[in-house]
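Before any questions on how it binds or moves, here is one chain, the form predicted alone, in structure tokens.
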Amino acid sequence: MLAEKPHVLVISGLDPSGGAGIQADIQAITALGAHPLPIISCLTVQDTINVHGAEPVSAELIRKQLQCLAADIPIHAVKTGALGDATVVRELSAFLRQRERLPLVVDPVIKAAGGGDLADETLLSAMFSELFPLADVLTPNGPELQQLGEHEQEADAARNLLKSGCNAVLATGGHGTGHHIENILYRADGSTENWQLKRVGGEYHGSGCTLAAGISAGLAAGQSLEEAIERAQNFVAASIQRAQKVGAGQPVPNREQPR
């Protein structure tokens, strides 16, 4: 008898260093028991230090890929990363609106860890107006939350971002200081939930992608948002404990499940 797994449609950029982007998504989703359906949104010139350039994939090609997949394969959740340009956002949003609501995890990738830009104002505007209102959760890191939420204080920035219409914002604490990383879930109803994990120190290339992809795998399997977050962040922590040196920049989380 053939095995069946939940399927996660993942749309993200290609990082040729293999640390972040679509490869991180594929590895995390697979490790956590789901089957990824990967669509590349943009091609980047990137290493473990920074993004040095990016070009979006044709939105028409992405539209055809979405239609082709949906006609053949059940989709149980969707995860997005870097999206290339506003036309890609519009195609994806239109696709999602034509279907029964699917769990959607949006990792609003707007800058690389080294500071390189991955989103312009037109793309950001399209994300706010068309994609964020469909999201079950946004997973910005600290700098992304401050920029998108237009406030230096995390809670205020999260509340501002919730006004876009998303159901929840997971503010991740990997860029902070202290002995523990604190991740806080801010919900649209005003309630919050927080988790603390031991801080290893340093920053890791692709850790944010890994977290968001892990959450999407949990939602695809029918877990609650809180259950999916807890499992995903524990997976990220374990991947960082096993991190590997790939290039001269940030280490890369080892997303292989230990044998």
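Sequential numbering from 1, following the sequence displayed. Please read these numbers as outputs of a predicted model, since none were measured by experiment.
The protein also exists as the form predicted together with a small molecule; that form is not presented, and the subsequent description refers to it.
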{"property": "Segment assignment from 222-230, 62-70, 193-201, 45-53: heavy atom within 4.5 Å of the small molecule in the predicted complex", "result": "45-53"}
{"property": "Contact at G13, G206 and C209 by the small molecule in the predicted complex, all three, heavy atom at most 4.5 Å", "result": "yes"}
{"property": "In the predicted complex, the residue from A126, L162, L148, L118 that sits within 4.5 Å of the small molecule by heavy atoms", "result": "L118"}
{"property": "The single option of L170, V109, V89, A77 touching the small molecule in the predicted complex, heavy atom within 4.5 Å", "result": "V109"}
{"property": "Exercise: A82 in contact with the small molecule in the predicted complex, heavy atom 4.5 Å", "result": "yes"}
